[in-house]
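The chain below stands alone, shown as structure tokens; this is the form predicted alone.
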């Protein structure tokens, strides 16, 4: 039986380092190639030795697909393609292709130039890696080779994020990457058609969460920022350069305008200017409202939000600072946090998910003393708030996507094991489909029943209708009798007469014969007459004839009686029928094996 195999090398019962291998119809595809924010050792990148122990990956992979530009989905790409070695195609959307190298270079600078790490990819490797990229357009079917095709769907989440359908013949898999089922201030909601894949591989970051209304969260966020600024405190909002950052900037910009606020809002420079440039460039990927407003003004040109200089962190008085990265694991956000952590007037608002091992995760869990590098201890006195402005689907959103796509099987990645377990049970209960949640390095195998398309001749359909069968209905499969003709990669079901005519063949009659022994003290002709009488009484609505040549016929079935001189009471009945009457032939042989009822008169 054909099967599809799925093995996570990263993001199996874990968030971070997304990298999923799919084997389908003899093709091997890598979905995402991310790094883990919580590790600095060899656990940072996926374990590619799973694919092959020695040499390059090119001959083992047909293609690599990147869902969006977040580093936990693309951070290991140059390492995989340039250091381990892969020369095949890498597919991603146009915005991802534009933004991915900027984030990779930023990540490289922090890791190599600031932390001084060796054994890391270089700027040149990022450039060489990006030369292998083939850009994808939404809803465009791309032929990777003669058999493998892929198609991208809008995923919301961040600019350029896409879900991907992978198809080989009639087998298919959909990979969601990260997606959001509710539109936000700058992006639309994810969408996919009813493609009924064999497996839907979905992220499950917020598997157990059903988020409250967005408006309440936004009000809460503005209230907390406002209160802190009013009492002279400083607000730090760690964000990743793209996505939530733009969302919260639009929110604060409109609030500052409405309330006529004077406290400065800063954004850590470099990345974000480029980010906003790409939002302007790829305006068609944003939501309807922004596209409409774009004619009068660009929503990404902010009046109240200025570029941040690191010397501003020591300025007195209130301010709001957006700084990267979002989990406080390095960079500017961590530098500012160290300066402001000791003052209870200040506040830090964590707007999204933090991976285990990061400082963001530690302070959200209430840690008040942090051990920093050089064995220094940092006391956390500022207020810590968590407000999910996450652009991931919650439990409700995941269920909504399943209803949209109608998959035959479900597989969860990019989530914590306990939360996945909860969602898995919910999915299996509600949709009665299998749901899998493999750990890293664990393979899930799904047996597929590929449907083979067959053309049916009009004559055969008309004949079926004439027999009074129900009309064809895709939801209720039914049996059709005909002759299957295979010709030049196509299959046709036609009537036997048409097949004989087309192929220039003569018809052969195939008959089945069966012997039944019967104890009956009468002569052979009398026994045959008694059989005729018995069948007349049992089989109503069938044509039954007693022929002069000493046989009984029921439809196409012929019955003869013979006996030997030594045992005249043991009769041997010979039954013969054509394959069309096989069911009736089997029924008659079973009936006659039971013998004839007493009191039957011969005619």
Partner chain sequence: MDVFASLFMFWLVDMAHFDCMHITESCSDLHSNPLGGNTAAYLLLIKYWRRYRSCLAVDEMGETSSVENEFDDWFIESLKIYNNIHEYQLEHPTRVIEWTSEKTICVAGYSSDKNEILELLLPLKLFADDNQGLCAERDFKVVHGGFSDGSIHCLKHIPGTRYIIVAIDYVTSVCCHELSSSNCCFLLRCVVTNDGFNSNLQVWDLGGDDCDVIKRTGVLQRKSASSDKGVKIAPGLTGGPCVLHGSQISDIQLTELASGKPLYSLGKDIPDVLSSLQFVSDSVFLACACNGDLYVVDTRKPSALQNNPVGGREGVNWCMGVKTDLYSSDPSSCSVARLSSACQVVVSDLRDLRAPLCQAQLHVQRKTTSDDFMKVTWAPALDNCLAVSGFDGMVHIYDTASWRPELMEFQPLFIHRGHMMSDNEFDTSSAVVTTHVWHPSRPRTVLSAAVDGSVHVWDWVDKATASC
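We call the rigid core the largest set of C-alpha positions that still match within 1.5 Å between the two forms. Just so it is clear, the model here is predicted, and its values are computed rather than measured. Residue numbers count along the first chain shown, from 1.
FYI, the form predicted together with the partner chain isn't displayed, but the following is about it.
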property	result
Stretch in contact, per heavy atom within 4.5 angstroms of the partner chain in the model of the complex, of 216-224, 334-342, 101-109, 517-525	216-224
Distance check, residue 209 to the partner chain in the model of the complex, heavy atom within 4.5 Å	yes
Contact test in the model of the complex: residue 311 vs the partner chain, heavy atoms, 4.5 Å	no
Exercise: residue 388 in contact with the partner chain in the model of the complex, heavy atom 4.5 Å	yes
Contact test in the model of the complex: residue 492 vs the partner chain, heavy atoms, 4.5 Å	no
4.5 Å heavy atom contact with the partner chain in the model of the complex for all of 43, 60 and 277	no
Option touching the partner chain, based on a heavy atom within 4.5 Å in the model of the complex, out of 144, 384, 370, 138	384
Contacting member of 329, 419, 132, 530, with respect to the partner chain in the model of the complex [4.5 Å, heavy atom]	419
The partner chain in the model of the complex - contacting residues of 396-419, heavy atom within 4.5 Å	396, 399, 403, 418, 419
Core-superposed C-alpha of residue 353 shifting 2 Å or more between the shown form and the other one	yes
Residue shift check between the shown form and the other one, rigid core fit, residue 213 Cα at least 2 Å	yes
Core-aligned CA displacement of residue 439 at least 2 Å between the shown form and the other one	no
Shift in CA distance, residue 359 and residue 202, in the model of the complex relative to the form shown here, given it is 3 Å or more	farther
Residue pair residue 361, residue 103 - Cα distance in the model of the complex, closer or farther (3 Å or more)	closer
